[in-house]
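Next up: just one chain, as structure tokens, the form predicted on its own.
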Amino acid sequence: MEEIHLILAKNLKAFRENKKLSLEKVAELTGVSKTMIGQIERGESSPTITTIWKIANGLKISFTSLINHPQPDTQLVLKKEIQTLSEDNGRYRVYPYFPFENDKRFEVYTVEIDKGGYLSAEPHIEGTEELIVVFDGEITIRVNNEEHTLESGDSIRFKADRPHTYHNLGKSLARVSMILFYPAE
């Protein structure tokens, strides 16, 4: 399976060239340095989830459009074949199951957060909503300076175009389904 940073390299370069954007313009739009953008496009860098989100948000495209191959009409997704993305020393893991499609305007992830795991997320594209269902464990989500603690079977929907955090303050692994819904262009 092709490594995710190489897929990202191809997708970012193809998007930039298709839109006729210079490295300087991409850096200006995303807040990621021209040098880093060049390294990513050459496959010389494996950027963090936060950096990939900065690029996606700055270019007003979905996260998964940067990290996944274009998808066929029917797709079977096996967890063992998904390349896991992680933060917080591996305690926050993201499994991108279904990538963004222009006519669908959403993407689906499973997220696993070990006890004590934490992620501070950058705001997504304006108008983006997140829908989360907790399947196992407990998770605390902070958005708009309000904390919401969800347990197994609970769900939340919130505007994700502002800073938000995920924290597992529970006693065991938290497993959630996350859907990002993007506004129409």
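Residue numbers run from 1 along the displayed sequence. Everything numeric here is computed off the predicted structure, so don't read it as measured data. We call the rigid core the largest set of C-alpha positions that still match within 1.5 Å between the two forms.
This protein has a second form, the form predicted in complex with the DNA, left out of what is shown; the following refers to that one.
Novice: Since exactly one of 128, 57, 45, 64 fits, which has a heavy atom within 4.5 Å of the DNA in the predicted complex?
Specialist: The residue in contact is 45.
Novice: Which listed residue (165, 22, 172, 177) meets the criterion of a heavy atom within 4.5 Å of the DNA in the predicted complex?
Specialist: Checked against the cut-off, the match is 22.
Novice: Looking in the predicted complex, any heavy atom of residue 34 within 4.5 Å of the DNA?
Specialist: Looking in the predicted complex, residue contacts with the DNA include residue 34, since a heavy atom lies within 4.5 Å.
Novice: Does residue 140 reach the DNA in the predicted complex, with heavy atoms at most 4.5 Å apart?
Specialist: Although the DNA is absent here, residue 140 would stay clear of it in the predicted complex, with no heavy atoms inside 4.5 Å.
Novice: Under a 4.5 Å heavy atom criterion, is residue 51 part of the interface with the DNA in the predicted complex?
Specialist: Yes, contact at 4.5 Å.
Novice: For residue 155, is any heavy atom within 4.5 Å of the DNA in the predicted complex, or not?
Specialist: No - in the predicted complex, heavy atoms of residue 155 and the DNA never come within 4.5 Å of each other.
Novice: Heavy atoms within 4.5 Å of the DNA in the predicted complex: which of the stretches 24-32, 141-149, 155-163, 118-126 has them?
Specialist: Stretch with heavy atoms near the partner: 24-32.
Novice: Superpose the two forms on their rigid core, then report whether the C-alpha of residue 25 is displaced by 2 angstroms or more between the shown form and the other one.
Specialist: It does shift by 2 Å or more.
Novice: Once you line up the core, how about residue 34: does its CA shift reach 2 Å between the shown form and the other one?
Specialist: Passes the 2 Å threshold, so yes.
Novice: Is residue 160 displaced by at least 2 Å at its C-alpha between the shown form and the other one when the rigid core is overlaid?
Specialist: No; that C-alpha moves by less than 2 Å between the shown form and the other one.
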